[in-house]
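Consider the single chain below, provided in structure tokens and representing the form predicted alone.
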């Protein structure tokens, strides 16, 4: 097995002393402090980025406010053209962007190409298509006329202003694109705060955005720790925050936003997603579905399933077949095109997953497969199957965000629905059955923002996405995002 060679452009990019991206170009941080970016496949430091301080936050906000003043006045069709051009440039630089992403996140190269670049460009084009389709309404009021006067009214949708986009480490490119595209197509400007673990790819995309014709200030990138995100959310010059990440951090972000003058907030959080399998599903298809739902990108997907409910008569057979499939996975370097399962994204997360294995053993959960950190350089974790004892076990309640599938048997459909809903979270769920009528009757009873039938995790830009209960506020994609990035203004006229 061997890694693909890094492109010369990638090697040169990684060697840079990465500055902040403000007002259309790179600016050195006032702090002079830096953070290391580490390749989770090797444990080696691959780059250094700036650690922004409050003065840098002020500079980025001032730039974004100037950028908003200009960008909001650009014709809608022109805004769309710029985003289309950025999508073209991302595809032209596909391999370069994919390699940077794999080096910083440990994502296997096929996923970096297919999702972080190809799918991101697809989403970008979808948003670009909305540029000239954001409209208001005309209304005929019912006010009485006293002297022959008449009334008419209409609504306008106006961009909210400066958006703060806080991006997690699991899909640092694609999620950044969701946020910047939503903001830019509606006429907002945006400051992207990437995770300190994965700050590199969005800096390269910011360069491409300038090449695509985006004016200075419309897109800024501030690298640094979580204190940078907090400072941006609480800054009086920002108007909206769009956050994707963990539930506890999301709640803190939402509280900070509300405390900072009722700053708007869209929160796309995680949870403890379920997959329920009815007895009519073919066992081999069930196992393929479990791998799709729980093990893509080592389970590091906010919508991935972590709780699997299988009929008692089939659960042992399903777990046995799944263990055989997981045993055959090619675990290795994410830059090797034959690798099927790579590392998790950072050492901190690897150790967290190891602690979950310890808790499972302490609670006498049955570890059917895996359950260990892999003893090799980097941040590797075995794909794991665990059979829980009951609904109160840790692995059925706390989000692991890793390649851990926890199983529990059920006996009746009513029990299945109760188990799937037995969580304070509600981001996603999936139901697997050959009985479409039964599926359509059960879907309304499942408490989740997205419910898939005979599929899991896959997203389409035309279909709104977001959570219910403690898994978030607001929606991405479709037409739903427009409400979160625009202010509705009503106009009434008497004549």
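Positions refer to the first chain, counted from 1. Keep in mind it's a predicted model, so treat the numbers as computed, not measured.
A second form of this protein, the form predicted in complex with a small molecule, is not displayed here; the remarks below concern that form.
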{"query": "Triple contact flag 294, 309 and 452 to the small molecule in the model of the complex, non-hydrogen atom at 4.5 angstroms", "finding": "no"}
{"query": "Contact assignment for the small molecule in the model of the complex, among 52, 49, 427, 41, heavy atom within 4.5 Å", "finding": "427"}
{"query": "Contact residue in the model of the complex, from 386, 253, 174, 108 (heavy atom within 4.5 Å of the small molecule)", "finding": "253"}
{"query": "Answer range among 193-201, 144-152, 76-84, 120-128 for contact with the small molecule, defined in the model of the complex as heavy atoms within 4.5 Å", "finding": "193-201"}
{"query": "Residue 104 within 4.5 Å of the small molecule in the model of the complex, heavy atoms", "finding": "no"}
{"query": "Residue 382: touches the small molecule in the model of the complex, heavy atom cutoff 4.5 angstroms", "finding": "no"}
{"query": "The small molecule contact at residue 268 in the model of the complex, heavy atom, 4.5 Å", "finding": "yes"}
{"query": "Non-hydrogen atom contact residue 115 with the small molecule in the model of the complex at 4.5 angstroms", "finding": "no"}
